[in-house]
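One chain is shown next in structure tokens, namely the form predicted on its own.
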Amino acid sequence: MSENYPKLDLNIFVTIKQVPKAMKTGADGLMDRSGKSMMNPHCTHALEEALSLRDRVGGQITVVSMGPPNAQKSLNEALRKGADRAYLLSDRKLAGSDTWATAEALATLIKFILKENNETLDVLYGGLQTVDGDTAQVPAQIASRLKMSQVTYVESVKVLDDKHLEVRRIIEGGYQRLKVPYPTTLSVTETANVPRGPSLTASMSAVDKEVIIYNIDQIGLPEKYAGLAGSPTVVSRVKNVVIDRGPVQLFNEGDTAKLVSDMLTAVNTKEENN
């Protein structure tokens, strides 16, 4: 632990999602998750930020996920990298959840864990988005349900004191530096860090840890808020997009005036031929 940071013993949570290695949908329009899977790449950056924060100020890291039983694979990976606890919400009634229902389920799971262990939450990390959905909505929706402040596009985090973090976030054309109070939710960009791999020490410790699995009844999530029943958005149809345009022509020789003239000539010629 660095001497430059106070010892805070923060209670840190990280949301993890297991995603298919090959993206494809079934006839029902839902993602086919029967093949090989992996931890969502953006979640690896969120986990690394959590581990780095704990290394600096102390505390414990809890990873949470929602998915089929094989999602334990990604949670076990997180334990081998140094996470302290892992929880999985797994129930067939969760199938077809959109971001709204997913956030409802994960927020309910987090609140249940905190209540069961008589804890309060300091920092919740999430990946910027998932590669199977690309919505970037879930961390913010969880924060809303947990009544926490939240910052998106986070690239770095600095501990200021026992009440505040300084967060740098990416914006168009530059970045912002924000003073953020605990508790807060941070969604992390892939430029924030280089995720570490499993360590020998953490892997040996993970042998004695287990992924705790709950269903929606155990955490008190009403069935009407789960899965398709609790999702206000549905996939109406899936369409394979075929790119039929010709090759891109590059104009990279000559001065600017000539480049523009050549480009306009090419465009006009194409329009005349059509």
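Here the structure is a predicted model, which is why all the values come from computation and not from measurement. Numbering starts at 1 and follows the sequence shown.
As for the form predicted in complex with a small molecule, it is not shown, yet the points below apply to it.
Residues within 4.5 angstroms of the small molecule in the predicted complex, judged by any non-hydrogen atom, belong to 120 to 128 and to none of the other stretches in 120 to 128, 76 to 84, 159 to 167, 194 to 202. The shortest heavy atom separation between T102 and the small molecule in the predicted complex is within 4.5 Å. The small molecule is not shown here, but in the predicted complex it comes within 4.5 Å of a heavy atom of A136.
Taking the partner from elsewhere, I219 is found to have every heavy atom lying beyond 4.5 Å of the small molecule in the predicted complex.
Contact annotation: V64 falls within 4.5 Å of the small molecule in the predicted complex, judged by heavy atom distances.
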